[in-house]
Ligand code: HEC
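Heads up, the chain below is alone and in the form predicted alone; it's given as structure tokens.
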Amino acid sequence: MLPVSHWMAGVCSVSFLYLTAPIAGESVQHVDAASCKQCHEEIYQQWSGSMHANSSALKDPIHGAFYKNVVGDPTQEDVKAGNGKYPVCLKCHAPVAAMEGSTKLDAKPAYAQGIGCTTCHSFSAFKGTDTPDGKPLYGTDAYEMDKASLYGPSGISYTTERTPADAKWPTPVHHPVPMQGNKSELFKSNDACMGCHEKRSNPHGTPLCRTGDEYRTGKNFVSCQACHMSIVSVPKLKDGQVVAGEMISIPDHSMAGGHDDKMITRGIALSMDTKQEGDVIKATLLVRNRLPHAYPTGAPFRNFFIRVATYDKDGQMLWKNYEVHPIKDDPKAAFWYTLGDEAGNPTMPPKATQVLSDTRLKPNEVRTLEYEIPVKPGTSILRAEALYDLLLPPIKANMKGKLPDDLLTPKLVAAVEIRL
């Protein structure tokens, strides 16, 4: 039998002076994330820098730009999408606002906060991503949302009553907001993620995101959390300061994905075989997706491309597999999702009526690229690089000056180099 103090070690502090329950009449989803910080400071620090914390159109530059262009001002009430309905994107990007039918995201802290702690931790059941008649359920609509209690993966129930300092099990652990146990099956499964990451279609029914289908196609068993919320050991924090010599192990609530430079390097591996015949190098490049879903996945404008180039001993480029961009000059080296209009012309996601092509890497796929490369005088290095972009070239051109440069710059995610 473990003492309550053992359960609470590294998780809950003694004082809850600043931790607040919901205001009378408001749901538990309005508990501010800063309140959770009082006991879960390390998790709060991770979350506060995550895309979950910055998911709303007020904080995410890319989503915000699309939202303003397609829907309207995120600080105005009763804004409608192009189809005249409530903006479905808010169900994932500003779920508390969506639960309450508001579009004014600065009206309440929980709206602007995006996906806060209590958004996910108030899931009591997963309903699935479709109704019985096939209507899609997005975001919080895919869950039974408890407005009075919280849940987590531990399986332990807590009490709002104070726990004596010398208490031993089975005295319940104190938590200032009611917390129910017996939900670890939900919180340790993909169901906890699929409400937002299963699928998404535009108003025309054209699929924009299908991460759930991609995962099932790959016939994998690893959970989303295994990669995106792996257990990490971090320095223990106290009032924002590192406690010397103390570490704590927690699920990583930074929940890194397509915006994280380190995460996007995990999925792609390159290898290359070469054979020189006279003044030509015959190169066979293998591009491997090591993930249980497509690479890239999620937003349809994410893409990556392969640059194959030769250099002299000083790093001066002598030859490259494209002039402008592989999408134009070397299509086999471009991995992207192409959406089109009724006439078959490429178009933006909100207007698309069909998928024209999908050259992204499928789960666990290996793609072979072959090149015949001229050996110019001074050639000493052959290098292939995989470069990841959050946006397609035409969108990047339109967003120049509207988005931070780092969001418009390709990120190196894999490389292979041969010295000749």
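Predicted, not measured: the structure shown is a model, and the values here were computed from it. Residues carry their position along the shown sequence, with the first being 1.
Just so you know, the form predicted together with ligand HEC exists too; it's not on screen, but the next bit is about it.
Just one listed stretch, out of 270-278, 317-325, 334-342, 197-205, contacts ligand HEC in the model of the complex at the 4.5 Å heavy atom level, and that stretch is 197-205.
Contact check at 4.5 Å (heavy atoms) against ligand HEC in the model of the complex: none of V232, F305 and D330 pass. Proximity to ligand HEC in the model of the complex, defined as a heavy atom within 4.5 Å, singles out one entry of L58, A384, A352, C36, which is C36. Out of the listed residues G257, P172, G218, P346, G257 is the one that sits within 4.5 Å of ligand HEC in the model of the complex by at least one heavy atom.
In the model of the complex, ligand HEC lies farther than 4.5 Å from every heavy atom of L237.
Residue contact check for L105: none of its heavy atoms lie within 4.5 Å of ligand HEC in the model of the complex. For the chain shown alone, I115 is a contact residue for ligand HEC in the model of the complex, at least one non-hydrogen atom being within 4.5 angstroms. Taking the partner from elsewhere, H228 is found to have a heavy atom lying within 4.5 Å of ligand HEC in the model of the complex.
For the stretch 281-302, the set of residues having any non-hydrogen atom within 4.5 angstroms of ligand HEC in the model of the complex comprises L291, P292, H293, A294, Y295, P296, T297, G298, A299, F301, R302, in sequence order.
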